[in-house]
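Only one chain is shown below, in structure tokens, and it's the form predicted alone.
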């Protein structure tokens, strides 16, 4: 009898815990209200979501920013239930073999995503993600549209801004004023900055970082001819060009690596690289015209 009483008590505690932590919250109507800026997917985005599910992308990528300082630092505010109001099934995921994608929309350009899906090593040399080059053009377009929607209306606005900036960059290239436009985007506090690092050690650190992060787009020698380049427009910068490198200051290079170049596949590295590492990259780039 004593054993039965203990078992019954344990069962009652478990049921009570379930009721308090699962059943009662399910009755909260706020859990089912869409968060601001969250809308149903359009037809192309929904098609991309089905490709995403079919190809098992959610096996390796989560779509949830957890209440952890590391998550918030890299991915922004903690996810809320209303962000998934229109998702069925919800693709929260449990494995983070690759980065979280909850708010990936607009962080990279459409071109970058295309190169990434064709062969992830083109833009992330150390990636273990499989190639999806076998997908049809329509499937790739839909998958890109879905990924660019992740993060709601804010993500869609960022993705659209990337597209507008791309057109502005291409027009500036046509007119031969690309570098003038780039310089105008650099805040005054960065202009005129000189690299505080010098010497062989800084160059070697920069060389290692370049091989890990940059060669997929800029090529092994930095000539802008990496394997991803054929998918990217505007094309990656050619750091072997004495004319180009002679026209850009250290501060501009530092700012562009740190914050990216909107409208191009050059995305921000401020969450991945320290200030010293960025300056080491700048030091290495300065050597490429000498080789």
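Remember, it's a predicted structure, so these values are computed and weren't measured experimentally. Residue numbers count along the first chain shown, from 1.
This protein has a second form, the form predicted together with ligand HEC, left out of what is shown; the following refers to that one.
The contact with ligand HEC in the model of the complex, taken as any heavy atom within 4.5 Å, belongs to 57 out of 38, 57, 47, 65. Taking the partner from elsewhere, every residue among 101, 113 and 128 has a non-hydrogen atom within 4.5 angstroms of ligand HEC in the model of the complex. Partner proximity in the model of the complex, defined as non-hydrogen atoms within 4.5 angstroms of ligand HEC, places exactly one of 79 to 87, 206 to 214, 156 to 164, 193 to 201 at the interface: 206 to 214. Though the partner is left out of this view, residue 234 does reach within 4.5 Å of ligand HEC in the model of the complex, counting heavy atoms only. Taking non-hydrogen atoms only, residue 264 approaches ligand HEC to within 4.5 angstroms in the model of the complex. Interface membership of residue 169, defined by any non-hydrogen atom within 4.5 Å of ligand HEC in the model of the complex, is confirmed. The closest heavy atom approach of residue 94 to ligand HEC in the model of the complex falls outside 4.5 Å. Contacts between 239 to 267 and ligand HEC, taken as any heavy atom within 4.5 Å in the model of the complex, involve 239, 244, 252, 253, 256, 257, 261, 264, 265, 266.
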